[in-house]
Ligand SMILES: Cc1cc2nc3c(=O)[nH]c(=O)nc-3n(C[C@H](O)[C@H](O)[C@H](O)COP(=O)(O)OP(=O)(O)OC[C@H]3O[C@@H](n4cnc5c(N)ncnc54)[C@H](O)[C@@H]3O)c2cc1C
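Here you get one chain, nothing else, as structure tokens; it is the form predicted alone.
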């Protein structure tokens, strides 16, 4: 089988690219291992809502059409939104088609799938950055009596036995799961490493509204000092809820969640866990970064004459940390019955047989233009803009990269 361009992945990034290629009359096919929006269907917990308001779900030629623009979509609503988008743009999706390998050929790329082989001149990797849950090597030393699961495996508190729970990781995923589990009656401890604190609402408006309006989300990859570092920054401690609640470390402490430092070591055999003593410093740094963001928002509001239209500028209470947080925990004591690894995710490129991966398994690229001619990347954090991994970021990235792809085909005499 042959087509000009193959897009691998039918999430928001792949579908946005499909629409942009259609607009440019570039023949293409979208390959999806499961169904449209497969990751949203199979790898999220039950109560999760989008971290961004409904109005911010903007894709090329499509957007929110309901009567609750400031609400936050549930997972079923998010899935329905993406399925509807695929229909509206008539994306040529081949579902239940798993890619087994991608390799260079004399005329571009050969893509081998479990439904047959394809030959294409360009390929777009839109499989996302969250294919595999990252679990630290020290997990191997956790006593066998303790149940462990990743954030991708977690669905709701009912799947967890009664007793104490240790959630490792305090970004958006970890804080939301810790909040939900503790409210279910299971004593919860949260191991906190690097994190990014942010209020859900600031000066009467959603923080995402401010970041969108002030241009924070449009910061470009080629304008930041250290793009490698920017791409590793954890997700904001945000949650979507009907109440527009802020879920941060202070809110967790207020309901009884116990904070502890980053999990640094587990002794094989005796199950003694050791935690970093940097909790206070990590929290102070997160507060500092949050206030820098609020400073930028305040400056923009003043420059654009909004100060009289919104609530006054203010700052939030610093993160509260007990004077001497525990540095150790006996995992054999029975206090902790379950550990949930909310320690991030990584992409899966095990099927990519093109020499474009660095020593850490990341694709070498310049704003989504991969080092192999005719290959493009979509849907990873800060690909071209700070918002690249959001639904709202897929459209701008797809417009840029589809233009580059069209130019590549033209230069190569393939269009």
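Model, not experiment: these values are computed from the prediction. Numbering follows the first chain given and starts at 1.
The discussion below concerns the form predicted together with this ligand, not included here.
**Asked** Looking in the predicted bound form, any heavy atom of residue 375 within 4.5 Å of this ligand?
**Response** Because no heavy atom of residue 375 falls inside 4.5 Å of this ligand in the predicted bound form, the answer is no.
**Message:** So in the predicted bound form, is this ligand close enough to residue 405 to count as touching (4.5 Å, heavy atoms)?
**Reply:** No.
**Message:** Does any part of residue 28 reach within 4.5 Å of this ligand in the predicted bound form? Heavy atoms only, please.
**Reply:** Answer no; every heavy atom of residue 28 is more than 4.5 Å from this ligand in the predicted bound form.
**Request:** Mark residue 369 yes when one of its heavy atoms lies within 4.5 Å of a heavy atom of this ligand in the predicted bound form, and no otherwise.
**Result:** Result no; residue 369 lies far from this ligand in the predicted bound form.
**Request:** Heavy atom within 4.5 Å of this ligand in the predicted bound form: which of 363, 59, 354, 50 fits that? Just give me the one.
**Result:** Going through each option in turn, the one that passes is 50.
**Asked** Where does this ligand sit in the predicted bound form: which of 322 to 330, 308 to 316, 91 to 99, 288 to 296, heavy atoms within 4.5 Å?
**Response** One stretch meets the cut-off, namely 91 to 99.
**Message:** Just to make sure I understand: among 105 to 130, which residues lie within 4.5 Å of this ligand in the predicted bound form, judging by heavy atoms?
**Reply:** The stretch touches the partner through 126, 127, 128, 130.
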